[in-house]
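One chain comes next, on its own, written as structure tokens: the form predicted on its own.
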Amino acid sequence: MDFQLTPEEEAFRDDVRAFLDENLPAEEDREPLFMLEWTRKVREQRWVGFSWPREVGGGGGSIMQQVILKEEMAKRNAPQLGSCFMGLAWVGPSIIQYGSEEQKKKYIPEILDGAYQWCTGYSEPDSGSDLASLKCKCVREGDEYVINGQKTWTSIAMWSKMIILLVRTETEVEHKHDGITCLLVAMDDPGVEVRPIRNMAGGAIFAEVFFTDVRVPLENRLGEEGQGWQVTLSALANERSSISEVYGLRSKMEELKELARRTVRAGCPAIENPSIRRRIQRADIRVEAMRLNGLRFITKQLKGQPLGSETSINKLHRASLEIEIGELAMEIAGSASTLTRGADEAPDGGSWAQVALSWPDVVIGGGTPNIQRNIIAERILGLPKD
């Protein structure tokens, strides 16, 4: 990859930095209404949906401009661009590519404005990793589809107004990827039930979603009937370089180092302990490897080449790093690490205990480590399945 930016790209970086200097106060100085004003300003810049075409309200930004924008935002711990992550990452791009003009007019402005949350109805109890084996049944009756079935590990379902849902409209198919249809379903439709899945920390980011005779109008179908697999592949192909994840991990590593500097063990700062220093250094090296991999992925995109199974490498790295960082923070803090939010003696307000207990949210989401290893082994290394 050519690491030299063009003059236009350098100018764009300068513009982003100037905007942050003017509009982003330090975290401790952000007032209660800061997020409302921040959201308005970044929307005016067209940085929400920055890579989307301008004709649908996006910024029309290039791949490198998008990388620069995310990089500078992450360096400054700026709030994410837009408040509807699922909508921006997956739903919006799918509607832009496969949606009707009526669907684009109805949903795209609301996603860009963060009017409400979307969730993705993909995984099922028996088909989480083998998504194409889904069984959620959908039957057409006149001008409606009737849905019966279950989804699980559905992120933020309890706070979402809409779900982009994969259902099976045909069971007698030659290939399991056929007969799958994508629908846009309101979460408050009669027959939709959401049950949160609690994690070890007591919180819930995932949920089970049950569908009992849920009726959805035909105009809420995204793409053609039976085209759901293609729609899903298009959605999952977005946001795969992992550059923003790298800067998030870097920020977390800096917080971990600061914890090690101010925590005393055996009369010395924990960061002077050789074992702890080695573990921090190993984690730093892996984060840097993720960054370089991300640049390799970006290079392929710049050349017009599709990203494939190689993105599983960074997903696998991130999963293990999330666990390792949490465990190392708990070891550094010692007995105080068991204290959670609300305890005066809890290190950093109990946030490290939260990190250590909440890792399944990141590790399970998007495919478990074992699934990523299988993908790497079979599709990159060419190893046999048996």
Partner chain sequence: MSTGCFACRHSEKPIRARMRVLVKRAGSDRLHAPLRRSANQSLRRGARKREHMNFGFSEEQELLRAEVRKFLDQNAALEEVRRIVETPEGFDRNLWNRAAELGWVGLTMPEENGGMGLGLVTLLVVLEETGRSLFPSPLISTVLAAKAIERLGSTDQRARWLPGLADGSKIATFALLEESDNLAPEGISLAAKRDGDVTLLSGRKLYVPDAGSADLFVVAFRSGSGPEDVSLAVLEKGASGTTASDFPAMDLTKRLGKLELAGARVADDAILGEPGTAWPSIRWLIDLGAALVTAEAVGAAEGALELTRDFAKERTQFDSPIGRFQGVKHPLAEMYVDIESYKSLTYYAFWALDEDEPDASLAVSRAKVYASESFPEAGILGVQLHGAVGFTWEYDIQLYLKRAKWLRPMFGDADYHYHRIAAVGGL
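Numbering follows the first chain given and starts at 1. Source: prediction; values computed, not measured.
What comes next is about the form predicted in complex with its partner chain, which is not displayed.
When its partner chain is considered in the model of the complex, residue 362 lies well away from it, no heavy atom lying within 4.5 Å. Using a 4.5 angstroms limit between non-hydrogen atoms, residue 303 touches its partner chain in the model of the complex. For the chain shown alone, residue 89 is not a contact residue for its partner chain in the model of the complex, no non-hydrogen atom being within 4.5 angstroms. Proximity of residue 317 to its partner chain in the model of the complex falls within the 4.5 Å heavy atom cutoff. With its partner chain omitted here, the record of contacts in the model of the complex names 309-317 of 221-229, 193-201, 96-104, 309-317, defined by a heavy atom within 4.5 Å. 299 is the sole member of 133, 251, 148, 299 with a non-hydrogen atom within 4.5 Å of its partner chain in the model of the complex. Site annotation in the model of the complex: the residue of 295, 186, 156, 173 reaching within 4.5 Å of its partner chain with a heavy atom is 295. Taken together, 40, 140 and 234 are entirely out of contact with its partner chain in the model of the complex: none brings a heavy atom within 4.5 Å. Looking at 346-384, the residues that come within 4.5 Å of its partner chain in the model of the complex, counting any heavy atom, are 370, 373, 374, 376, 377, 378, 380, 381, 382, 383, 384.
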